[in-house]
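In structure tokens, one chain follows: the form predicted alone.
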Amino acid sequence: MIPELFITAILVLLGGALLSFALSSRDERTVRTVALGSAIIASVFLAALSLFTLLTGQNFVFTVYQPFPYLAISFFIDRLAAFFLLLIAIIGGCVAVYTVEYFEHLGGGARRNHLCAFGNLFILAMVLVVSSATTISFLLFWELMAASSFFLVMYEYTREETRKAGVFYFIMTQLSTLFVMLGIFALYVQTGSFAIAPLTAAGSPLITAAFLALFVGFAIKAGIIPFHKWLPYAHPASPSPISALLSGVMLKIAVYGLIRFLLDVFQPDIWWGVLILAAGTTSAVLGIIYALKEHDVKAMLAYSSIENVGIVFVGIGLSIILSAANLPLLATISLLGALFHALNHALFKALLFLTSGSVVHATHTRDIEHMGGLAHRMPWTSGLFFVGAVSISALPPFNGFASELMIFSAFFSSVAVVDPLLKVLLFISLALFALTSALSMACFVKAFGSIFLALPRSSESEKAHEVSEMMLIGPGILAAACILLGLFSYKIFFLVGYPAVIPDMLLIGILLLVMAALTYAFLYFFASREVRVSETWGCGIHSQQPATEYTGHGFSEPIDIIFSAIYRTRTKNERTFFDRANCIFAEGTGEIRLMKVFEEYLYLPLARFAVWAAESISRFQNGCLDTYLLYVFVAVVAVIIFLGWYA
């Protein structure tokens, strides 16, 4: 049954993509609705087979195409693959429901058919990556995922911002593929097989090189610092549903790849866990610090994704360290926490991207400083965004709190680790992890307050109105999932065979609800009934104006000052005076610019070196026939010497 459901889902997704490509010249809503409907139907099939596999624990292996005895396109679905297939199904289906109406408000005419086609192809590629049973099919579908997502990012290619984002995205995604390919071929040289299977030999330099290559490849795709720079460019440039797929799902495919190879191929050394933990901690802290500085809502969510994927890497690295320290129970809790947070982040980040897409659609701006007052104009969207903000802030009893609590529990119990240096490392990582959680809450208090509260700060925000029902259903499902996964997290783990991993969040939720009800009842019966209508005091100003409101920048400024050494701002002042002594001021301009540290000190120097190398090599192609004959002669002599030496 499972192979049939899987093949059916694949064919439905492929059919939707081919239909959109075939009718790409017809700007008709029916074509897009059918393509998106196929994504929804395929998501239902994938969710069904995933839940069956998760609950029963059965594994399924089947081969689709085998041109050679040693080379096959095979698929393998176990609990790990089923978990990520479920993640793809939930996010892909909800995004497709939202997109049915969203794409009709998007410019581009018939090009929107291409968007649907590449969207289906993108989901298909991710499904095939997760279920690949061989490294060669993993690599093939990994590149298909990269190529299809590139066309999605480049949808509005006429904009300079999009073209710049496309260049960043293309270079980084191809670097990711290159490193994954190097890791896979290093494993092939070691084992002589493309199967994803345990290594018989461990500790050789080639295996270490394979791990490092795969780690870099997956870190680039996941947006781990310093390989993160494509996210803040790609997300603002992409349509909001595409951003939801990129951040909610594609980043988790890199997480899947790392976990799959660590569990099923390698025998990790403890320093591997230290490396992953350090990379995750750095990404979590710096990601949320940069998110606090952002006022572009989609760029802010992109940096927040860097933070949350860093948290997932923290859980993975901690699991390896605890496993090496002979603490298997704590290692299991840490790994489960990482997986659970990957699912939770997919849910609330897709929810936040979709609701922010509704806000951008209504206000025609991504700058939160030009929003405000939308809670009255878009009440349903504001409520859904609020659920996502509370979930990502890890407040009980929502799902973000449950998954982060599992990782915190593993940290708190890591005092059993004997090595004092490891204890110091774990305590430092724990402190930074706690700081990350606090800063995340501050970031989304700022985001929700600036976007939805107070008075509108632009005419567009003042005229905004609620989106259609189809653009509320998808985010509504995700919001409900955030609440239910938090409340019933204990029962879910118990159902799949991991009891006592986490406290019963349902009980905590009931206690919080009772406390809220008692507080409301007390105020209702004992508070004064006198009514006084007046404007909020505004420092002596007679009437409140949007310009006098507490802005997002003003809210985060104290935190920005604390981390000014990380932000590395540049201040530029230009002044002119009426007199030669520079006493009577005429006019001036001031600019405070945030330095793009990784871009200016890492990416651009590498780009300049690549240009220099290319120009140097190009000098060998001078157009002279005699020179080319000399190259051929030298190559022939070198081949003869090589063959004679090794014959």
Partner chain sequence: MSLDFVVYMMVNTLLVIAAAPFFVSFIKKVKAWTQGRRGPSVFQTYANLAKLLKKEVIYSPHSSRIMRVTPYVNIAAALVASLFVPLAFVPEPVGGIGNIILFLYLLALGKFFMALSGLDAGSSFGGMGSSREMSISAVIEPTTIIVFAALAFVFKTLNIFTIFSVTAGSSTPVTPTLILLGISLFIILIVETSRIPVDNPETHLELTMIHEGMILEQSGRNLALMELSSGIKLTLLIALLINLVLPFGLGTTLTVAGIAIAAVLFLLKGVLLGGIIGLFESSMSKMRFFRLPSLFAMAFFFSTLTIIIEVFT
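Numbering follows the first chain given and starts at 1. Computed from a predicted model, the values in this text were never measured in an experiment.
The same protein has a further form, the form predicted in complex with the partner chain, not shown here; the description that follows concerns it.
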Residue 401, heavy atom within 4.5 angstroms of the partner chain in the predicted bound form: yes
Within 4.5 Å, heavy atoms only: does residue 504 come near the partner chain in the predicted bound form? yes
With heavy atoms only and a cut-off of 4.5 Å, decide whether residue 386 touches the partner chain in the predicted bound form. yes
Going by a heavy atom distance of 4.5 Å, is residue 205 a contact of the partner chain in the predicted bound form? no
Kindly indicate whether 455, 508 and 554 are, all three, within 4.5 angstroms of the partner chain in the predicted bound form, using heavy atoms. yes
Which of 305 to 313, 319 to 327, 401 to 409, 339 to 347 lies within 4.5 Å of the partner chain in the predicted bound form, heavy atoms considered? The stretch 401 to 409
Sole residue of 139, 442, 331, 182 within 4.5 Å of the partner chain in the predicted bound form, by heavy atom: 442
Checked 459, 193, 519, 576 for heavy atoms within 4.5 Å of the partner chain in the predicted bound form; positive is 519
Of 512 to 532, which residues get within 4.5 Å of the partner chain in the predicted bound form if you count heavy atoms? 512, 515, 516, 519, 520, 522, 523, 527, 528, 529, 530, 531, 532
